[in-house]
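Subsequent text provides structure tokens for two forms of one protein chain, presented individually as structure 1 and structure 2.
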Structure 1
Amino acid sequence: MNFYLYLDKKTPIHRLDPRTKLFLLISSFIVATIQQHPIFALIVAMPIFAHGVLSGSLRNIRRIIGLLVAIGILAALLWSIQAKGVTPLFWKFQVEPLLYGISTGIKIDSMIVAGIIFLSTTKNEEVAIGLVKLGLPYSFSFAFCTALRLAPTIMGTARMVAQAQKSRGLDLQGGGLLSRMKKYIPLLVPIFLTTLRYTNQLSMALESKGFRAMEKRTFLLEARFKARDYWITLGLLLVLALVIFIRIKGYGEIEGLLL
């Protein structure tokens, strides 16, 4: 079973400097969240989706399309119940909360998609180099990208443990709140202990391969800001400035929405 998202392709997005990709991700998040109106949310969702197409990440997005739809609809429903508006639609529903709900659904989906694209186009090692180039110490960057790498592995371990304990009759459903919480103990403990063993083995393997033997290490992958990185960064800055400007001017709000 493959839990890793990275797709080995040679698209222009893959070839960007990791810092640019990180900036792309963060910009996507900011742009996606800043406006209230679903029209704006949709407008923002489109370039994010285009980014996905351009970077060949559709395969990973398709894998979770059902989840995205479910999350979108659920979020739209729940957030529209929470808010209040002024224009009645039918029965207890009002226009503004519904718009707000739809926009929130789109925003949450956009953010998830942006995250998936980043992980589909960026190797863990690139994340590490990116962080080092941004001035963070290598040990920290290594821990960060190893964690990124390990998280899906641990989800895999969790699945195995769940299978093993279910085979021994563990039933997560049913029971009161406290007893249901306690049922996580037979699940969590083997996951943790397996991981702790791994800690010792990985530490030994790392030391044996000269981890931190030198003051500074080198990298096989190069990370250099090239012309296209500058252009994209510049473009993103302009987009961000524009979006923030529009927001400050008061556009993109749903009038009459009460939170």
Structure 2
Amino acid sequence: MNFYLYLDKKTPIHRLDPRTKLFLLISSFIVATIQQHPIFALIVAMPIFAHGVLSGSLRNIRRIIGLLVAIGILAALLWSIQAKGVTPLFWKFQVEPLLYGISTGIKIDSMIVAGIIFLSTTKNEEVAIGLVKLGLPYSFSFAFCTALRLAPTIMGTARMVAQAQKSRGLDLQGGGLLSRMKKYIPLLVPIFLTTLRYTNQLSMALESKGFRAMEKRTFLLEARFKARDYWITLGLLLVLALVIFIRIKGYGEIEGLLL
């Protein structure tokens, strides 16, 4: 199983400058976050989903569809209990908190999908170049990209350790939910040690290759803004300005909601 999310395709999104894709990601987060009513949150989610279709990232999105549904349901339930409203629905539930919970679930799912699209269309090396081009130190960019790479590495290690233990007779599927969870606890030790060994080897490799020995670095890949990047960035700025203006005017608020 491939735990890395990047999909090597030739879509228009893949060909964008990494800084444009970073701005697309940040804009998606901002636009999704400031919405309150579920209808407005759904309107924002639709172009994000269309972005996923255009970028050919549906395969990765399908891998987490269960998680997205669970987050949506959990958010709706939690906010229905935590927040207060003025319109009774049934039992202790009220209309306004339920609407806000649904909206929160849609917003979180939209941001997760936007992140999946970004990782599906951008190589780690491109992310580092984009961050450096934006003026961030290379050390920070490298650490950030290493963290992105480390997550699938740990998942791959966990799967390898689980398969090794299964080959030795460990039954990870038998019993109830609590019993299965207990069986996974002993696997944490070899996973943790393997991760420590990997990070130690990485640090030695960086030292042996003179990491940070030179002030100015060169890159194999190049990031260069083209006409399409300027037009998309301008369009995103206009969309952000419009959405923020609409939100300031009070459109999309849930009347009677008490947070």
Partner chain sequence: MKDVISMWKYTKMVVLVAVTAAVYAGTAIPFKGIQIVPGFAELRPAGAIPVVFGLLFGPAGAWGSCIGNVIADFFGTLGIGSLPGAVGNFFFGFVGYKVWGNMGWLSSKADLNIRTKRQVFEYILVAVLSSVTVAFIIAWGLELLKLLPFASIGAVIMTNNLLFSIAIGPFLLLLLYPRAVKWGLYWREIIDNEMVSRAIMPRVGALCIWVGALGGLIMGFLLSTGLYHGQLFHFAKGTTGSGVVLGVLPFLLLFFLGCLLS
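Since we're looking at a predicted model, the values are computed, not measured. So that the term is clear: the rigid core is the largest set of C-alpha atoms that superpose within 1.5 Å between two forms. The first residue in the sequence of structure 1 is number 1, and each one after it adds one.
Structure 1 derives from the form predicted in complex with the partner chain, whereas structure 2 comes from the other one. Superposed on the core, the two forms barely differ at residue 225: its CA moves less than 2 Å between structure 1 and structure 2. Fitting the two forms on the rigid core leaves the C-alpha of residue 153 displaced by under 2 angstroms between structure 1 and structure 2.
Relative to the superposed rigid core, the position of the CA of residue 193 differs between structure 1 and structure 2 by 2 Å or more.
For residue 162, the displacement of the CA atom between structure 1 and structure 2, after superposition on the rigid core, amounts to 6.8 Å. With the core fitted, the CA of residue 140 sits 3.2 Å away from its counterpart between structure 1 and structure 2.
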